[in-house]
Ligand code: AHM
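In the form predicted on its own, a lone chain appears below as structure tokens.
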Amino acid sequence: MQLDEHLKILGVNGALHEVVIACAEGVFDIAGVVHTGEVSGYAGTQNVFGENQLKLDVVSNDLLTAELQKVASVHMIASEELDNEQELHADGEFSVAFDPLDGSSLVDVNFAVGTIIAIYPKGSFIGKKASEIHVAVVAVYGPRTTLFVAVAGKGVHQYLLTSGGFELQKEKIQVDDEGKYFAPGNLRACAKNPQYQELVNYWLANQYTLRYSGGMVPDINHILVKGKGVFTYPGYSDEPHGKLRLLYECGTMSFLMVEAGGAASDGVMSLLDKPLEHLDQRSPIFVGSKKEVEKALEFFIMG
């Protein structure tokens, strides 16, 4: 079954359907650029966060923006590669936030990268929470291009890009409450955060299997495909809020995981309930199997 048909079965119709399909078209376009390897090197510019932009970041942003521009239902967009929110259509019903190519620095070493997209109600993203997301779309560009679509209240579904388009691979993906896989982001925090060091030691002592690629998208992908595990990226003294952004990464991935039966926390509260104060807002994240997230948080609470 193709994505278009399956979305209708899930009750995603009308304007929202158009927006999701536009996101999928953008992913298709980005996949072509990623897999040909024809775009490489730095763009000679920086994004609003002061990070040097790769040409592939800029091209990916332009491709996805172009697809969303075609849809009158898109009111506003926000991208990790744009300086500010950008209005596309004044009468649009939805606002779309995205990281067009998460983990782009991994392209040169031929690791998997991805695209993270969240479709919200119209209007500014400031003040919004991930619990308001209508649909999350997350792509993984590896040996194959796969797509996760999470529809609010309808679960998470995986699609494979084939010659005929995005074909349904698995419906209603579920994450078990426990599972001995761990993906420890920001391990350098162990040097200044003894609680994190203790947590890592716990994983090792209890024979957890390390599955960390250096990219959030492939690591979350592993948890969803295997149906268990935990991804963490805590803060520490130099980066008390961590490095990952609430709007472009943490909120969307948390929505995806919770729809699959998992859990997501910033260490204090559910990431679905954390309001966005500014576009560059960072957040610690503990996400994955419920009991694995709970276990991870115990070390920080005890500390």
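So that there is no doubt, residue numbering starts at 1 and follows the sequence shown. Predicted model, so just to flag it, every value in this text is computed and none were measured.
Not on display, but discussed next: the form predicted together with the ligand.
The ligand: the contacting residue among G227, G92, G142, G103 in the predicted bound form [heavy atom, 4.5 Å]: Checking each option against the ligand in the predicted bound form, the one that comes within 4.5 Å is G103.
Heavy atom within 4.5 Å of the ligand in the predicted bound form - residue from G127, G123, G165, G214: Of the candidates G127, G123, G165, G214, G214 is the one lying within 4.5 Å of the ligand in the predicted bound form.
Proximity of F148 to the ligand in the predicted bound form, heavy atoms at 4.5 Å: F148: no contact with the ligand in the predicted bound form.
4.5 angstroms heavy atom contact with the ligand in the predicted bound form for H35: Result no; H35 lies far from the ligand in the predicted bound form.
The ligand contact at F231 in the predicted bound form, heavy atom, 4.5 Å: Heavy-atom contact with the ligand at 4.5 Å: present for F231.
Proximity of L244 to the ligand in the predicted bound form, heavy atoms at 4.5 Å: Looking in the predicted bound form, residue contacts with the ligand include L244, since a heavy atom lies within 4.5 Å.
Contact stretch among 69 to 77, 153 to 161, 94 to 102, 128 to 136 - heavy atom within 4.5 Å of the ligand in the predicted bound form: Only one stretch passes the 4.5 Å heavy-atom test: 94 to 102.
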